[in-house]
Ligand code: KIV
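Single chain ahead, written as structure tokens, the form predicted alone.
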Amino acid sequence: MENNTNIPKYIPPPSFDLPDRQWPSRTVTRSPIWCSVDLRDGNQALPNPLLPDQKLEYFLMLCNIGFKHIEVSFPSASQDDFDFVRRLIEENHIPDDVYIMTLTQCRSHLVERTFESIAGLPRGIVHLYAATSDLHMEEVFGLSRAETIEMVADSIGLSRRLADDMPDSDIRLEFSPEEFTATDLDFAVEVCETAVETWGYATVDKPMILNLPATVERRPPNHYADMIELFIRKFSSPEKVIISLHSHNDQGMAIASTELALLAGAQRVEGTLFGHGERTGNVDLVTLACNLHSRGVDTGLDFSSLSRIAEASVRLTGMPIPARQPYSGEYVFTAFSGSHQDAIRKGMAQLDKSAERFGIGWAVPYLHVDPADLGRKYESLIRINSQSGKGGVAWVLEQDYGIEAPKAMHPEIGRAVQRFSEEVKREITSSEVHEIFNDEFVNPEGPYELMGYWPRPDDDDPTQIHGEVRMKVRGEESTIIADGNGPVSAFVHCMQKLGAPHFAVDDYHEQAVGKGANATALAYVPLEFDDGKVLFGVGSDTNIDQAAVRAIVAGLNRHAKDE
């Protein structure tokens, strides 16, 4: 069967003749101006748009994050939007360094209503737009290119006169040729030249904003970058304007499109938190800003409490955040795979050395950014399921409970946890991991129950220990006495007298948990049996010798269980 390489319904969008394009060799080193359109573009796409008090809470959250440009409404479209603008102004909710923005089409009566809504506004942006793609102009509005330019000039001329009637206000203008990426580029330049010339007051100190939107994502990201670079080359006075971006995510590439367009010379980005917006949404400003942050760019936005921001957004909008959403999703700083868990654990343990070796402050396998920068905790890095390995399990025990099991013991712990996970067929909580550790290694069921152990130094030779053990074996209590060259040696000899299987104790690991009078000793004791099998037991006591003998009993019970 031959592959059909063409689909008649669609054709690839034509590329641009730009052999000397500069953007591929550039690096973004400065933050763009950020403009949130959550309260307009994002809000209009919600199944249940925000109520006035919810919009105010969201606005104040955006201000706290650090946004200086915030599009708040389409005041000529509804009384609710008009009233919200008035509320922000009359109740003095707008910080001194924030420009609120209102949106309107290039229609005279809509422009007048928009300026009516911002009466008394100290500083703000009026955003006008007109469809400039042939598809929109001809099929939707029935306009020619000449008629569109005339409409834009009339609306912006009216805006200029209305702004002049507000001499005490700093009113800036933004213009968008809607569907820029589907517009003939020379025509887009012509329309924008008309807009800037008609506004008349665009200067280096007070630039006008030209927003060049990918209203519908019809092109690959490199095409958007080419269009931005070409537009800037063709535009007569780029120093008098701010080139702004507004990417939608119809093909899932809004982040890439925006990043490449920034390389091409754009200076401002419009978008929404978590990508809310029509269809597949706007560019996600959280992801975009955190991407730049991870590359050392100071974005001016504060996402150090990202979890709280995400919770507020979900509560207000009713829109869930996917578990794998970059930076903000529940699982994005989580590793289920054992190899990933082990690499993260080792990387965190050697963070200082890695930073020095690689010359950066953060170098951890599988984590390109420090979760702490976003208010996330390391305790949540490792999640346990049937795919998890020994390293991840050991990390959870160490981070959550201070249990520093020796490395030789990790495989046994990992197998015990994996068995449980396979039985329950789900993710295991940190407390369940701790419970498995205690049940399997500290207090395993078995025939031996220690009632007491009294090691006493010899009167003549204190290096010799006389040990007395009281032990229940399958419910029957016995007292055994034996000597050794230390408390543990004497206890081992007692157990052999009692008929326990022959074993040897190799070097064992001791650990103090807690400090001062409340400190507890943990002993991790490997028991090597005659068949070559090595099993660890763990004991806990305020006395390290008592902890060690408890660990031996635990190991013997584990051996009996295996047998």
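As the structure is a prediction and not an experimental result, all values here were calculated from the model. One rule holds for the numbers: they count along the sequence shown, beginning at 1.
Keep in mind that the form predicted together with the ligand is not shown, yet the notes after this line are about it.
Visitor: Pick from V396, L103, A490, A254: which residue has any heavy atom within 4.5 angstroms of the ligand in the predicted complex?
Guide: The residue in contact is L103.
Visitor: Given that the ligand is left out here, which of S354, S155, S133, T215 has a heavy atom within 4.5 Å of it in the predicted complex?
Guide: Of the listed residues, the single hit is T215.
Visitor: Counting only heavy atoms and a 4.5 Å cutoff, which of 298-306, 111-119, 400-408, 176-184 contacts the ligand in the predicted complex?
Guide: Comparing against the ligand in the predicted complex, the contact stretch is 176-184.
Visitor: With a cut-off of 4.5 Å between heavy atoms, is N211 one of the residues that contacts the ligand in the predicted complex?
Guide: Yes, contact at 4.5 Å.
Visitor: With the cut-off set at 4.5 Å between non-hydrogen atoms, does Y99 touch the ligand in the predicted complex?
Guide: No.
Visitor: Indicate whether H69 is a 4.5 Å heavy atom neighbour of the ligand in the predicted complex.
Guide: H69: no, not in contact with the ligand in the predicted complex.
Visitor: Within a 4.5 Å heavy atom cut-off, is H246 in contact with the ligand in the predicted complex?
Guide: Output for H246 is yes: heavy atoms within 4.5 Å of the ligand.
Visitor: Sequence order please: the residues of 118-141 with a heavy atom within 4.5 Å of the ligand in the predicted complex.
Guide: Heavy-atom contacts to the ligand in the predicted complex: H127, Y129.
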